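Given as structure tokens, the chain that follows is alone and in the form predicted alone.
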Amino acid sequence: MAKIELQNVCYTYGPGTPYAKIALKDVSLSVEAGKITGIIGHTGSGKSTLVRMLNGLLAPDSGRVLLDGVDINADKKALASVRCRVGLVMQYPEYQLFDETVEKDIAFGPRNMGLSSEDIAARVREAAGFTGLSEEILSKSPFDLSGGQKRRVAIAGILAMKPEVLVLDEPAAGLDPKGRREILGGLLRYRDTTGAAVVIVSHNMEDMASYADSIVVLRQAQTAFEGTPAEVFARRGELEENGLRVPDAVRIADKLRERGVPVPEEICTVEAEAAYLAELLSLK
């Protein structure tokens, strides 16, 4: 059974008005525990609306959102519990920091869950570890940190709640390559340690190729197609028609095949491509 699932979800902003806009139309999606699902699509395709559905910030006009097989919108009183189980990190979450120290900011969610001081302290340090925050930073004001460090603090605040489903909208947007690797690597460690289901929305195709187990492509409020990264990026023509690009490694592989180098179709990351070419050269 999927950990979290959308079944034939539809949603329209401003229904019945001249400004009505269909955001999602008959969208179905399932995410298993221990898997990372990437969501890609052109601006306006419905990605941000979709992630707000996953923890009940938006309720569908029709269709269902299931968590462990239970409709999260069936009982509005249970939504607070759902939002502890489904952690949502919106774009630029660092703008939501507010407390006087990093430690207190990360502890906000666990404290509201009614945990003991000992459990809160343990969760804060565990979440800081996942996001690469040092012990010394915990006592600092979050407003004295760099942009990348603030992003880590904000993500750590969600991880400290130990969500069973972690949903992130462009978690590495605006960061340099090193910062991207550190944040996404931390999310990978969180998945591996806890077995959580993870959903990541991103415009960065290299990130999707490197970290996602499967990718869902949205187009004009609907699911266009889905599959493994290799399967999705093999449909490069359809992606480009919808304003999406394939990873650089896929483009390079295409050029190499044109020159007679038999690069396997499933290779879609720079690391895998480099390893394949190194092995190929060693055989010559």
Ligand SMILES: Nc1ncnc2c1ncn2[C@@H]1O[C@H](COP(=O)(O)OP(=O)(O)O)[C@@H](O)[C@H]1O
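All residue numbers refer to positions in the sequence shown, first residue = 1. This is a predicted model, so every value here is computed, not measured.
There is also a form predicted in complex with this ligand; it is not shown, and the following applies to it.
For this session: Could you tell me which one of 55, 223, 37, 49 places a heavy atom within 4.5 Å of this ligand in the predicted bound form?
Result: Of the listed residues, the single hit is 49.
Exercise. For the chain shown here without its partner, which stretch in 38 to 46, 228 to 236, 65 to 73, 243 to 251 has non-hydrogen atoms within 4.5 angstroms of this ligand in the predicted bound form?
Worked result: Going through the listed ranges, the match is 38 to 46.
For this session: Answer with yes or no whether residue 21 is in contact with this ligand in the predicted bound form, where contact means some heavy atom within 4.5 Å.
Result: It does: once this ligand is placed as it appears in the predicted bound form, residue 21 has a heavy atom within 4.5 Å of it.
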